[in-house]
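First, one chain by itself in structure tokens, the form predicted alone.
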Amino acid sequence: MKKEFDVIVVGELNVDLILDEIESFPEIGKEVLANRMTLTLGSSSAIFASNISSLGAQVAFIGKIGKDKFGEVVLESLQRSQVDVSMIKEDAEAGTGATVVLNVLEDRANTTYPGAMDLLTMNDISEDDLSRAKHLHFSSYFLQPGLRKDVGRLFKTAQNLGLTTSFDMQWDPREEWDLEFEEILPYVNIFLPNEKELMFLSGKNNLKEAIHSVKKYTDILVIKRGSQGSMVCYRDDILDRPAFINKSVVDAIGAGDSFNAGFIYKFIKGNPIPECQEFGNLTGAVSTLSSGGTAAFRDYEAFREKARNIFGFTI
């Protein structure tokens, strides 16, 4: 049966208020100045959805927002990237989530108000909706309490419906790392943590031990390593590929989500895993050329030009 969407994304939705060009992080009782401010689409799931759609995939989103101005920003931003928003629910009793991002040099600090993203549950996700897509992506496990107990069931349902699946758990703000990956990952085709997240999840002291403890539960383990590139573990292979280095980083917001978008885009098109990894490294690097997680992907021809002129990659 022909599918309506290449990818359906289930996840959190919020805006980012980004404050740039700050000399130092604020201290208690003191004030610092930012020389630039940007209000843009935020959240791992939404950045992934927007960017993979901009690359050419047919994408739909299941999530929850408030009935407010920030919710309007979310919907308008996703629609501008050609993401189908018909399955996004509005909750008049909850506000749309928001993250305040303080960028200092290449480091940042975030404060997030979850709002409506706390309220998304399995009751908001039907099998009929999932069956419209070829692939399911889910991000930000620790920011969605309404779904946490059902994430394994979500992935299992998707696979039973014939979808492939991918999962980026993201950072745990409470740093408890309470995720029963042994029960969830068998229903995940591609698991996409960064190196630090993998170490904390596994409780291991070195990367080799962390990989060994997790990779047996999922088909493909993808480890994002920032400026060190990425590692992909599948079958009996471990592919270690260097990053495309950007010497003029604007910010790294959404770089990991942009990596995910590039990797999954090539995966759903049937490309070999090494090509998926290389393209993920590229899209992660291109993301750092602009402020916020989606700006570098709004113009596909400009994206191609940057890939060619800055990183020597021809698309």
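Keep in mind that this is a model prediction, so the values were computed, not measured. When you see a residue number, it is the position in the sequence shown, counting from 1.
The next section is about a form of this same protein that is not shown, the form predicted together with a small molecule.
Among heavy atoms of K224, some come within 4.5 Å of the small molecule in the model of the complex.
The closest heavy atom approach of F259 to the small molecule in the model of the complex falls within 4.5 Å.
The small molecule in the model of the complex is not approached by T99, whose heavy atoms all lie more than 4.5 angstroms from it.
Interface membership of F200, defined by any non-hydrogen atom within 4.5 Å of the small molecule in the model of the complex, is ruled out. Stretch-level contact check against the small molecule in the model of the complex with heavy atoms at 4.5 Å: of 279-287, 31-39, 57-65, 261-269, the positive one is 279-287. Just one of I211, L119, A243, M87 comes within 4.5 Å of the small molecule in the model of the complex, counting any heavy atom, and that one is A243. Each of N194, G229 and A255 comes within 4.5 Å of the small molecule in the model of the complex, counting any heavy atom.
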